[in-house]
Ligand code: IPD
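Below you will find one chain, with nothing else, as structure tokens; this is the form predicted on its own, and questions on how it binds or moves follow later.
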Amino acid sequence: MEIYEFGQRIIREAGDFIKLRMKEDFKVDAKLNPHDLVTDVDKETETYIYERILERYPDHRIIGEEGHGTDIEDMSGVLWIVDPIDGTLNFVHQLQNFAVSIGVYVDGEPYCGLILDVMGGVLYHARVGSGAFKDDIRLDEMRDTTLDRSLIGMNANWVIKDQIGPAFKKIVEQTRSTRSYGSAALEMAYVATGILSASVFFRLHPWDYSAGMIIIDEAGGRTTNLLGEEIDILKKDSILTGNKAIHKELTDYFTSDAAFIAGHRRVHGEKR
């Protein structure tokens, strides 16, 4: 069984594990702030995926949101990047609208991406060079759109930030409307399918975007940071992803705002 097929199997197994586990009591803790939550189910699901991968592929390496692979600093070999529950706030408050996300990279190159909408039972997936799929249905090539005729994924919290907020506000004013789903992985899947034309995030970690980048690329889209710079898959960064036309239009909004650029550099640093 190839890695891609194995990945599809274990992500669905992880989804089944979550659905069974969530029927029981679970503990909720805060990480860096009261809005950044983690549960027993996050940690147990990551451990489940970690053990299943190493059982099959002992020489593979794994980075997980909940603590696995913190010592990994390079992309050599086969690297799995795992978010056991993307959208933990939704998981805690809604018991829906969350995902398992797995991106696989081989010697630094993207290999496959998988995003499972756990409660919807839908798997978005892609292997490089083979197209992107929603379950067994191949996704159409993403169509170009303009901002004034598009729905954009965006968290409203960024609009109220002093230095970077005006750039986001300008997009809100120009686009048809915005949406926020509370799961970066699901938003990226929605971009790949055309439900959203683009999505913008000021700060994401590799486990948030590693799978979605591959799926969107295979669907004909483009992903960079908000300044149009390429992503270092081992680092947190801003993310701008969408069809190629709107990606350029949105990049122009952010790169024409000197205050935004300064705020971005202050948080994310300069690209080397």
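None of the values given here were measured: they were computed from a predicted structure. In this text, residue numbers run from 1 along the sequence as written.
The next section is about a form of this same protein that is not shown, the form predicted in complex with the named molecule.
Comment: 79 to 87 is the region of 162 to 170, 102 to 110, 143 to 151, 79 to 87 lying near the named molecule in the predicted bound form, near meaning a non-hydrogen atom within 4.5 Å. Shown without its partner, this chain lists 245, 204, 227, 234 as candidates; in the predicted bound form, only 204 has a non-hydrogen atom within 4.5 angstroms of the named molecule.
Proximity of residue 155 to the named molecule in the predicted bound form falls within the 4.5 Å heavy atom cutoff. In the predicted bound form, residue 65 approaches the named molecule with a heavy atom inside 4.5 Å. Heavy atoms of residue 118 never reach within 4.5 Å of the named molecule in the predicted bound form, leaving it off the interface. The closest non-hydrogen atom of residue 182 lies within 4.5 Å of the named molecule in the predicted bound form.
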